[in-house]
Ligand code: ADP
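Here you get one chain, nothing else, as structure tokens; it is the form predicted on its own.
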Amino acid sequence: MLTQSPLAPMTTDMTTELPVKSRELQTVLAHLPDPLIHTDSQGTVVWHNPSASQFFTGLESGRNALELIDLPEVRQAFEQAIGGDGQQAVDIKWGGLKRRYLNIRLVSFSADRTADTSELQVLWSVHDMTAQRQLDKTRTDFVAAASHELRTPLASLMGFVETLQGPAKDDEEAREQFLGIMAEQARRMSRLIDDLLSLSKIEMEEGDSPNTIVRLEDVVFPVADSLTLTAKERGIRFVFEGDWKAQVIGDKDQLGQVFSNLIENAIKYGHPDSTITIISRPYADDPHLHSVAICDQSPGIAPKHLSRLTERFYRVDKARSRQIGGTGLGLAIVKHILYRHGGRLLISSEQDVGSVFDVLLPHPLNETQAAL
């Protein structure tokens, strides 16, 4: 138990003021973003800051905090703090559908070194850990997904190696067949590792927004040229519409990666002997943005998938995606690059008609910028 208050002696008006002598300190504590609650030894609220009343509906002076936050682990921590342990911390889940993860620290104190238990007070500090928990879960899910994606080709490689070392050791035909499959699996792992490294690099640069100005024709046309042979193999042709002299603010290499991923996807998933139309135009809903839309002719994407397409390793058709060499990271890379650029990606689709991936990028709004 803390026998000396970490705060100054209590004021006489216990229902309206925090028990501290310094008005300045009261002001500071009142404006802290984390909820603070001061109760007596029974749990009755003596004081709380505005953050606490916003966080806990119904919190007010005179109400029992133990009844408001009615959880056995909180009551146990409170009793231990009052009973002599002085400081306690407990993690709880709080709320209904929008559940939050909270860390509550309870510190008992008294202004009188000889005070008995009934005179002890308790200061509650509450920290919302929801964002951190979600981040931890995202990282855990990402590691698990990446491990799974690597484990599959690796297991295939190991299986073929064992076969070539054993039953097929002297089988020339099997060796040629297996080596071809092994090479493809190795390339798959290489693509995945390249995309993981690329995504990591992009995330590290997200806080550093680019400020150079590039012409869209200098970014998109070279990408389309590099994919022309791939498109011709499927009988797909490109059609360009709009203003390709338009300028945007961005990193030329990263924007090239955005359009390479999107146009390559349009080729992979588009119908054979179809058209990919790429349109450059001002974005009607925001004068600060310019639109480059990649419109394919494809089976389309069901509405339930659209909001999840930019998630890491999310695939509409896992088997087909792996068959055509997808890593499941392409659209995640696009999203993070556009986030760094202050842009965004809009996706719309009509089944049996096609999909539109609309890249929105900031553009220079004055002649001085455009001349740089």
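All residue numbers are counted from 1 along the displayed sequence. Only a predicted model underlies this, so the values are computations on that prediction, with no experimental measurement involved.
Missing here is the form predicted together with the ligand; even so, the following discussion is about that form.
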Any non-hydrogen atom of M189 within 4.5 angstroms of the ligand in the predicted complex
no
Using heavy atoms and a 4.5 Å limit, would one call K268 a contact residue for the ligand in the predicted complex?
yes
Counting only non-hydrogen atoms and a 4.5 angstroms cut-off, does I69 reach the ligand in the predicted complex?
no
Should T327 be classed as touching the ligand in the predicted complex when contacts are defined as heavy atoms within 4.5 Å?
yes
Among the candidate residues A65, L309, V46, A52, which is the single one with a non-hydrogen atom no more than 4.5 Å from the ligand in the predicted complex?
L309
Contact residue in the predicted complex, chosen from I301, M182, V90, I213 - any heavy atom within 4.5 Å of the ligand:
I301
Which of these stretches, 201-209, 230-238, 164-172, 259-267, has heavy atoms within 4.5 Å of the ligand in the predicted complex?
259-267
Which residues from 337-355 come close to the ligand in the predicted complex, meaning a heavy atom within 4.5 Å?
S355
